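This text opens with one protein chain seen in two forms, each one given by itself as structure tokens under the names structure 1 and structure 2.
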Structure 1
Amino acid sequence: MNKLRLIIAREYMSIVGRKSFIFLTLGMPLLFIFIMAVPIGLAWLNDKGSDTQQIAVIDETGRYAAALKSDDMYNFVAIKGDTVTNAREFYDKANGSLDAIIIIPRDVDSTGVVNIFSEGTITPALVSSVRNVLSDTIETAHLTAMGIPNIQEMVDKAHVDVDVRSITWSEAGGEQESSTEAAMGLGLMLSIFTYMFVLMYGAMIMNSVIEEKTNRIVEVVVSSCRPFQLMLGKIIGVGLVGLTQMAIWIVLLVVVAMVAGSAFGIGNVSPDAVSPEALASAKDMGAMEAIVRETLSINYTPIIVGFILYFIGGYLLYSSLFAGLGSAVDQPSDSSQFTTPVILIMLIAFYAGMACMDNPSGPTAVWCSIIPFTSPVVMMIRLPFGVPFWQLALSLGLLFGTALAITWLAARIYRRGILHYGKKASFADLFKWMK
């Protein structure tokens, strides 16, 4: 037990103390922010840097051109429809001072079609802006034309977004409101977390095993402890590294969210400054509140307990697999022949999880959540929707049974593999070593 603790501590410190770990841990969120921020920043720079476009609006109806308001990007110049007979001629005459011409045809009320002409590119931003403004304006005009007083208010009142709430009857007869969307989101998050964690740190364990082998330190170490202790120490040590890294990322995320929150002044809206935008965001807040309420309505205890159990089982299963396979190769470049099948199984689990999201009680979902190699990922998707007890018990029993069996087999491979040098081991060799 003492030796195991020593091995865990060494493994943990050897990774956490490395400069590359610190860079990676702090760099990943920065990279993520960078990836998110760059397109936004570039788009902003793009808009900022371009000149105001001169756009002539030929309004044959004479009623709608005024709705298009000029701003930094577009300068709309209204031109009476009857003064222009040929748009092309008009454009050419402008001698390059025009970027585009919008023609609102006389029959726009019935056809709903507006044309934009240009020699250059017509940006999607211009198209969508024109579409939105003219749609609203023409719609309002139509409503007004009906001559019914307060029609606008009536239409607004009639407008409805249907919110579907799902209520689950518990066996005890109680009712519980739950949100499928919040449950799906949570399940997806947990399953992606398990998937990423197992892949990332499984690979780390494998590298650590190969490194000890190439270093030739391994024979000295296994003359001081059992190979199984060394393997288990590695699995636990790297697992703790993973949890540390995750914890740092979560703390960073919270800090960034808090800093961003205070910078943009969320929660600081004074009653005097109620602008239409603020009202709109208040509406969004209402939706947010609903999501928060629904999220809170999910029963977390089984999900958290389930997550911990599946996470441990899945990690043990795959990491011992990686450790066993890592022991069979001399250098990282040789490892792909063994890792490919394992990664393939993980991918299948991941896709099975995605496929089960629409129908978490379907046969694929049920089977994949019981088969040990896919259950840690798939069950996470199903768990927030509620899973019958017998399935949960069977799945967990199988998972832990298999994880222990795989650990035992991996330890047998490991014992032989770490002292095997030279000739590249094949799968047949691995089976021989298991005996």
Structure 2
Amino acid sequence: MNKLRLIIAREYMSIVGRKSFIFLTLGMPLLFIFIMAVPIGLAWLNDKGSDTQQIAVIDETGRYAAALKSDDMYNFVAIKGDTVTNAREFYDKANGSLDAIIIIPRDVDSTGVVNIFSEGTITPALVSSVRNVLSDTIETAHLTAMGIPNIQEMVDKAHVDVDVRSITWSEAGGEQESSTEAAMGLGLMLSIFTYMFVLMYGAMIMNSVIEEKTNRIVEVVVSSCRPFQLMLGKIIGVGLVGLTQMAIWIVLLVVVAMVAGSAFGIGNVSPDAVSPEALASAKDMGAMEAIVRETLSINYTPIIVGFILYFIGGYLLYSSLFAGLGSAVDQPSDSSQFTTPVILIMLIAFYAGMACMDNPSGPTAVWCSIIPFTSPVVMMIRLPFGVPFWQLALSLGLLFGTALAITWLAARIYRRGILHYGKKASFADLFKWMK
């Protein structure tokens, strides 16, 4: 045990003691915010930086062209339909001053079809804008043609935007409002974190094994300890690094939540204290405050505990695979033949989680959250929506049981692979070593 503690401490301190660890731990949240903000910013710059497109509107009905209003992106120029006999000739005569031509045919009221002509592919934004504006305009014209007095006013009064709120019952019988969007966003974030961190730390262990094997350091180390101790020490040491990072991020998240709650006058609000009556006025408040209230309505305790347990189980399963497979190669460039199947399994788990977002209680989601190789990622999608206890117990039992079995098999590969040089190992060699 003393040797194992020394290996764990060495692996842990060799990573935590680096400046890059401190920078990455504190900078990772900012990096995620930056990654999410960049597409939004680039889309905004793309819209603002582009030249206004000139669009000719040939309205054969003479009634709907005025509904298309010009803006910063598009300048609509209405032209009477009877003045143009051929759209292509009209486009060519413009000599490049037009980007597209919209033709509203005479039978648009019955067919609902509008044509846009251009030399290039029509942008989705233009298609969406034309569709939405003309659909509302033609609908209004149809209502007016019915000859019923004040029919448009009656339709407007009859229109209701339904605000669907999700209210859950607590074990004590009380009611609390939850946010489906916030739960979905949290599940997606945890799923991505689990996928990235398990892959990142597993690759870290594999690179460490290959480096020690290449430098022949491992030959000296295994003369003082058993190969299983060395592999287990690496797995536990790097795993503690991951848990340390998560603990720091959880503390930062709690601090940010408390500051945000105080800034909006919410204070320390527990999930049970957030009632539908307290959240009923969120619509009348600012958008940011409503978001904060929805975020605080989630019960984070079981989600955080579940996230840590599934991270440990998933990390133990995949990191032991990476350690065992890393011991079978001499150079990092040779590792792809073994790591590709493992990465494909993780990708399948990630895609399964994305596919289960709309229905976290569906059969695919349930089975994928129980299968050990996919449960660490898929269960993160389901946890914010609530999971039956028996499914959690079965999933965690299978995950940790499989992880221990894989660790035992990987150790059998590791003890042979770390002293295997020269001839490249194959999958047949790995199965022979496991036996």
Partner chain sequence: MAYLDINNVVKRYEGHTALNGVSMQVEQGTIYGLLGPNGAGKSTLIRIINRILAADEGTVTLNGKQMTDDDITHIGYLPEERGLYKKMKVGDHIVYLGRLKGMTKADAVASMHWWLDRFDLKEWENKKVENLSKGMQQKVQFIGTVIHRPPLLIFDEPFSGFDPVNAEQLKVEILALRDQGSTILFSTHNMASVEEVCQQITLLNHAQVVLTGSVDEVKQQHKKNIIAVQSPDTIEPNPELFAILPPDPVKKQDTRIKLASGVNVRDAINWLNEHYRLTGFTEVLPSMNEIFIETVKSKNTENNE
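Take the two forms, find the largest set of C-alpha atoms that superpose within 1.5 Å, and that set is the rigid core. These numbers were taken from a predicted model, which means no experiment stands behind them. Every residue number counts along structure 1's sequence, beginning with 1.
Chemist: Where's the form predicted on its own, in 1 or in 2?
Modeler: Looking at both, the form predicted on its own is number 2.
Chemist: Can we say the CA of P363 moves by at least 2 Å between structures 1 and 2 when the core is superposed?
Modeler: For P363, whose C-alpha is compared between structures 1 and 2 after core superposition, the shift is less than 2 Å.
Chemist: Using the core for the fit, does the CA position of P227 change by 2 Å or more between structures 1 and 2?
Modeler: Result for P227: no, shift under 2 Å.
Chemist: Comparing between structures 1 and 2 on the rigid core: C-alpha of I101 shifted by 2 Å or more?
Modeler: True for I101: a C-alpha shift of 2 Å or more.
Chemist: After lining up the core, report the Cα displacement of T111 between structures 1 and 2 in Å, one decimal place.
Modeler: T111 is displaced by 16.1 Å at its C-alpha.
Chemist: Using a rigid core fit, what is the CA shift at M13 between structures 1 and 2, in angstrom?
Modeler: C-alpha displacement of M13 between structures 1 and 2: 3.6 Å.
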